[in-house]
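In the form predicted on its own, a lone chain appears below as structure tokens.
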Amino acid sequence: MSLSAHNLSLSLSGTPLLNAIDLDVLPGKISTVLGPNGAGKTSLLRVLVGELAPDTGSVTLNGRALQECPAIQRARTLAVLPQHSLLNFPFTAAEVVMLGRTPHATGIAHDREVVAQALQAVDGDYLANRIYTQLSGGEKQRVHLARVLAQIWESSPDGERYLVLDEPTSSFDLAHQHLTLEVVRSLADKGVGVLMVIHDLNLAARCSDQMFLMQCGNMVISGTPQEVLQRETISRVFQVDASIGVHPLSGTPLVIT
């Protein structure tokens, strides 16, 4: 079982965005998509979650074609956090997180418990009764992270769960960047398959089980951080001189530019 792309290609207005992409997001693993601006990372995520239809190829969710999965079943197994979430209603933060419980019929008392736990997981329990539109950008992003956590908080009878995140740490300070990585690791340890687009190669190295490096809509290389983060590859794809060291705490590759 996995969230899988098979031979995906995509063009918009005659511009090729993806070319013959294959990947598997495995339950219990953290996968990251890396690459320079314009590499096709966000387009890949949008195809994987059904926002865009590919020109060729297919997406499967737990062995079933994504477009054949009933919406309610898809919502109970696949949660998505886009790079920008637009919401301009004066909901409280807790009410925003409660939106993640919409696919579930578990009762208001239980859902409130899940909402409280999800907010606590992102260091946002103090935000519960605050008005969402009055929060800072980083606080709003944490609320939306809690919302997608609440959506897949528990095991689903519909199959393995997956969490897709587009640059989830971009609005966060250093402490909350690392908290986010701890949260996704704890989810992976519970069997959730996580796919993240992330720009910071060293953050990605510290949390990834597998990496997908893209350039100009093509998959350059995939594998472990040690396999992907090679000096020659980084220099060629990102057009920078790079050295690869070893992180003194985690032992993961450390990209130095």
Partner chain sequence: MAPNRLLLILGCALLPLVLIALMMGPVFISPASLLHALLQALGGTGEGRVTSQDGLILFSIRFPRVLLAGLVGVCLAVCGTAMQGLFRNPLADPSLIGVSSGASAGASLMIVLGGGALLEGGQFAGLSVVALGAFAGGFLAVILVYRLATSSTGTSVATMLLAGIAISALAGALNSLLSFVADDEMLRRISLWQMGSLDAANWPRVWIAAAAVAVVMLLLPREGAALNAFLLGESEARHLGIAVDAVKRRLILMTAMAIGISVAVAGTISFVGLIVPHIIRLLIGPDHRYLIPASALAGAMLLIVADAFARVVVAPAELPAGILTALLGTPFFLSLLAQKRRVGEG
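Positions refer to the first chain, counted from 1. Source: prediction; values computed, not measured.
Only in words, not in the display: the form predicted together with its partner chain, which the text now covers.
Contact check for residue 105: no non-hydrogen atom falls within 4.5 Å of its partner chain in the predicted complex. Looking at residue 124, you'd find every heavy atom of it more than 4.5 angstroms from its partner chain in the predicted complex. Interface membership of residue 90, defined by any non-hydrogen atom within 4.5 Å of its partner chain in the predicted complex, is confirmed. Of the heavy atoms in residue 85, some are within 4.5 Å of its partner chain in the predicted complex. Looking at its partner chain in the predicted complex, residues 71, 133 and 151 each place a heavy atom within 4.5 Å of it.
Proximity to its partner chain in the predicted complex, taken as heavy atoms within 4.5 Å, picks out 47-55 from the listed stretches 204-212, 217-225, 22-30, 47-55.
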